[in-house]
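In structure tokens, the next block holds one chain alone, the form predicted on its own.
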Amino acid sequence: MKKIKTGIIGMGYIGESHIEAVRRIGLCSLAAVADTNTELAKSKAETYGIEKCYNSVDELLADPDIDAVHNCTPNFLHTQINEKIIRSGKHLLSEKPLATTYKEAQYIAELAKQYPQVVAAVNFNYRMNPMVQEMKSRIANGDIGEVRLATGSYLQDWLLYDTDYSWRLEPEVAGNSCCIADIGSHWMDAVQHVTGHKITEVMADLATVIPVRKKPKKQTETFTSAVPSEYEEVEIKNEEYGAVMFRLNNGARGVYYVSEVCAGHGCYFNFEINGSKASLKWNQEENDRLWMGFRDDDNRFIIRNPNTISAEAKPYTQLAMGHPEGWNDAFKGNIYAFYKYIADGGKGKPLFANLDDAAYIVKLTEAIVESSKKRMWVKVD
């Protein structure tokens, strides 16, 4: 079978994660990388033995050998670059968000419908952890009964100090949200994905915990912790903390909170779904297991086992039981789902987040920001 030739735009932290994932997938081969930082692009190309290296989006899209493009650039570039990729006729895998505003996200989602030959996805990678797929399968099969409640959190500490800085704090680059758009979006997508229900109303409290930060004068990568020797003090507008109450379209209620200033938490992402018969809970830091709770029976852990896992989850687990699969395996699994869908001719409903799914997450983010400002419930039409 002919391999799908891949190009990746953006060589920051997440771009390198895409490189490593693509190199593990047999359906595709990494043919090119691109970044406006020429030296950075050359360095990554040399490190990973990638044949072609470009310093612009247009150069990469002009390469007739490239079949699919990953957009790993900062948020404010997503609309422009995603539009270019779709119009080029190449398949698109974009990092989230699809765009920084719902108006732009809706535009991109509708544009993609004019190019039915293009497979387009947004990388909400937690979907493809095998135990998240197992949770989805068990809920769909009625194992917990009617979904009644959804709760959880996503906590990190990479913005704990005033010397920590990221472009995600800048509305001009990231859009009108930091932690809700960054990690809250993953939480909302995962819960909607496993329950099959949409969030339709929100009530939020967002906070900028550190109102002034020391912005380094030299560029730094995400998750680095070095204190800058040269900096300028800047006012922070985007939030590093958010709590959201919500209602699902089946009448269920929920609440979650997210923060990037919680010491000791690198990637503490968890959610619990409570049904009329049982509950299911998953924690990314112990992602090889599900907790299942009962009122009239013993609670139990369901350990990831390729021999007993559901048929829906089986394609996204490879290692034998007891050999932990981690964040990078789920990341690879989501990208594998994208390429498998292309290889299969784009038939049926994909498991990865399509552009309509991703546009709705942007809409939810805007509603949450509005709710926090107005101190009221906001409906999401």
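Don't overthink the numbering: it's just position in the shown sequence, from 1. Predicted model only: the values in this text are computed from it and were never measured.
The same protein also exists as the form predicted in complex with a small molecule; that form is not shown, yet it is the one meant from here on.
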property: Contacting member of M128, I199, C72, A120, with respect to the small molecule in the predicted complex [4.5 Å, heavy atom]; result: C72
property: Contact residue in the predicted complex, chosen from E260, E239, E95, E134 - any heavy atom within 4.5 Å of the small molecule; result: E95
property: Within 4.5 Å of the small molecule in the predicted complex, all of G10, T36 and H186 (non-hydrogen atom); result: yes
property: Answer range among 326 to 334, 347 to 355, 24 to 32, 310 to 318 for contact with the small molecule, defined in the predicted complex as heavy atoms within 4.5 Å; result: 326 to 334
property: The small molecule contact at L40 in the predicted complex, heavy atom, 4.5 Å; result: yes
property: Contact test in the predicted complex: L60 vs the small molecule, heavy atoms, 4.5 Å; result: no
property: In the predicted complex, D182 touching the small molecule (heavy atom, 4.5 Å); result: yes
property: Y107: touches the small molecule in the predicted complex, heavy atom cutoff 4.5 angstroms; result: no
